[in-house]
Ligand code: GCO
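The chain below stands alone, shown as structure tokens; this is the form predicted on its own.
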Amino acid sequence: MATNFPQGFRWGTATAAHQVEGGNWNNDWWAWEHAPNTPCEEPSGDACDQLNRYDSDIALCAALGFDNYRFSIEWSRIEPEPGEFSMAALDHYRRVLASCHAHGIEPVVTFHHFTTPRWVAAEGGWHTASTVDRFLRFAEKSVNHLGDLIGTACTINEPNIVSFIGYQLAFFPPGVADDAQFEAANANFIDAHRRVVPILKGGPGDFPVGLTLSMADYQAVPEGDADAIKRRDHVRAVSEDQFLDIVGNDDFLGVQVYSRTRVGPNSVLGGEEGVPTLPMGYEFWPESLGACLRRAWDYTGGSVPLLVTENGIGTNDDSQRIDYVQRALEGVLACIADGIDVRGYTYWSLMDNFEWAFGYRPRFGIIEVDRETQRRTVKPSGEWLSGIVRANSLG
């Protein structure tokens, strides 16, 4: 198998505002972290203080050889109360974008990455149709202020995760298990994506726009069992297919993959004996990335280019991280060799950060962050990945 990636293949790393900025007190996640009896292991607090340290973090991206950095803008900072927009916050993100350009980094901006202002949540949240209009207003105001500096735009990060974990598992806000609200949230996310694309396209700048989707390598167990296949296909339809159905006219689909999910005839199964389980509870299965890229490509009929907008591993074993990424990238190369249009790879995450309800325990970063001093230290896996990025090759 060839070890070289195509010329122009994009290499990036990523964060999200709430996971790294610190002090995002005005959104539903901060409220969730501090509410009694939620599953959150700890609050986000100062996070990685990237609100103040963004320029040096972007410089680290450039020093490692990455050509793009994916991050999100925080809705609750930009619109702290309904219709009240903070020019200071918009100007802050404009400085972040300008820093990217100054360091030769393309800014990849996500407009919604899990967090929603408290006032939106109080008025109903994503299971309420009015939230769509509020999100569109925020996106229009933001793109009008920032669009000329945006390199690529992601509309909504993993809407299927927000709906499933928030409205079925009650592990994310709003912390309910309600089928009707779950279905309404999915419908509203789909409506929001469809309607925000032309808004982002209509602002200043000229940049590609796409959705990022959480995908898993869903495997029927036993393989070939008709009932297991039927249940697997149902799970896929709910979690992935309704979102894959809406991306055919987009500039790209962001594919985000971490592991596989085993599905039996009657239920989703746990991990397989002998396969390592990672700190967040899922299996070490780097081959899932190639499998999901193939499925996305086949399902959409090759109508939309693919970007890996998240892939990585939360582990305290940095050699395990290298093994995971090596095998995941081998899967990407195999897809490209088979004619699948995969245009880039983004490692999650730039640095160890706040991993939602799991707190700071899972370590996804290629850069270690000292929780006391905020000192950044590039891990061996970061240096290793930097070498691949610079060579544009696994060889």
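Sequential numbering from 1, following the sequence displayed. Because the structure is predicted, anything quoted here is derived from the model rather than measured.
One more form of this protein exists, namely the form predicted in complex with the ligand; it is left out here, but the text below deals with it.
Note that among 253-261, 234-242, 298-306, 186-194, the stretch whose heavy atoms approach the ligand to within 4.5 Å in the model of the complex is 253-261. Proximity of N157 to the ligand in the model of the complex falls within the 4.5 Å heavy atom cutoff.
When the ligand is considered in the model of the complex, H113 lines it closely, a heavy atom lying within 4.5 Å. Using a 4.5 angstroms limit between non-hydrogen atoms, T13 is distant from the ligand in the model of the complex. Contact between M280 and the ligand in the model of the complex is found at the 4.5 Å heavy atom cutoff. In terms of contact with the ligand in the model of the complex, the residue from F364, Y54, W32, Y345 that brings a heavy atom within 4.5 Å is F364. A single residue from the set D67, E355, D49, E368 has any heavy atom within 4.5 angstroms of the ligand in the model of the complex; that residue is E355. Applying a 4.5 Å heavy atom cutoff to the ligand in the model of the complex picks out E310 as the lone residue from 288-320.
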